[in-house]
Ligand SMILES: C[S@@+](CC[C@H](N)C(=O)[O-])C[C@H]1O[C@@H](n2cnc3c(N)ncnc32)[C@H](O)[C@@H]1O
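To begin, one chain is listed below as structure tokens, in the form predicted alone.
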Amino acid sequence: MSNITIRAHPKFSNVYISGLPQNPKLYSKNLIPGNKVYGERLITFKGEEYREWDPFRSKLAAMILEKPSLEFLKKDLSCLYLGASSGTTISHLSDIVYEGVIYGVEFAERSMRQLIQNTDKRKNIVPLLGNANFPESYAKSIFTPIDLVYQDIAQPNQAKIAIENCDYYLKNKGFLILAIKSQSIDSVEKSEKIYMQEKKILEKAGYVIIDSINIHKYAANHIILTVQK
């Protein structure tokens, strides 16, 4: 039994914290009690099991700790997750949107096998083996309107991939969360110039940038943009 006191996050639905407000630890309530995905710590508090959410392993956790203005989480969210990898972040999102659905697109077959293995008990995750450069290729597998597109793909054309998927799937007034890794776009150019370039691509396509969140202390050369269609 843990002596850690867990409480609801003051802003984000179904996200939980412990510790001091200025330096909290994040948790999600485990949708599948007893189940771990990446070796995370499990905490039981008042009869409920929580999974510690590591911001060094999850850019979404890092973003939340940096206090974005956008409130985007709700229990019945429909999400298109581009770059689902082996399931670390998407599993926490699964805990949070327990009445919603998350379509997890992954290109690498090895990562897809790990994703399926790690999330097979999570009925709100739909793994899709596909190439996010071609959003129409997985259209037959997406059967709900999309409230949120979350993208974590280290490719040179990150903004273009986001725009094409949002144009194809995202509701009007829906939200995009885009993790940008500057070195994947240009390993020589200064990061700030790369970030500005990607922002301009999004704005030119008619998208509104709400937040630009620096998460360098958790993930080198990364920012996260919150964007509205």
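This one's a predicted model, so the numbers in the text were calculated from it and none came from an experiment. Numbering starts at 1 and follows the sequence shown.
A second form of this protein, the form predicted together with this ligand, is not displayed here; the remarks below concern that form.
This ligand isn't shown here, but in the model of the complex which of Thr144, Ser111, Ser141, Ser137 has a heavy atom within 4.5 Å of it? None of the other options qualify; the answer is Ser111.
Which residue among Ser85, Asn118, Ser78, Asn124 has a heavy atom within 4.5 angstroms of this ligand in the model of the complex? Contact residue from the list: Ser85.
From the candidate stretches 53-61, 170-178, 23-31, 189-197, select the single one in contact with this ligand in the model of the complex, where contact means a heavy atom within 4.5 Å. Result of the contact check: 53-61.
Applying a 4.5 Å heavy atom distance criterion, does Leu148 contact this ligand in the model of the complex? No - in the model of the complex, heavy atoms of Leu148 and this ligand never come within 4.5 Å of each other.
Is it the case that Gly100, even though its partner is missing from this view, gets within 4.5 Å of this ligand in the model of the complex, heavy atoms only? Because no heavy atom of Gly100 falls inside 4.5 Å of this ligand in the model of the complex, the answer is no.
Touches this ligand in the model of the complex: Thr89 (any heavy atom, 4.5 Å): Because a heavy atom of Thr89 falls inside 4.5 Å of this ligand in the model of the complex, the answer is yes.
Contact with this ligand in the model of the complex for Asp95, defined as at least one heavy atom pair within 4.5 Å: yes or no? Flag for Asp95 set to no.
Taking heavy atoms and a 4.5 Å limit, what residues of 108-133 are near this ligand in the model of the complex? Ala108, Ser111, Gly130, Asn131, Ala132, Asn133 sit within 4.5 Å of the partner.
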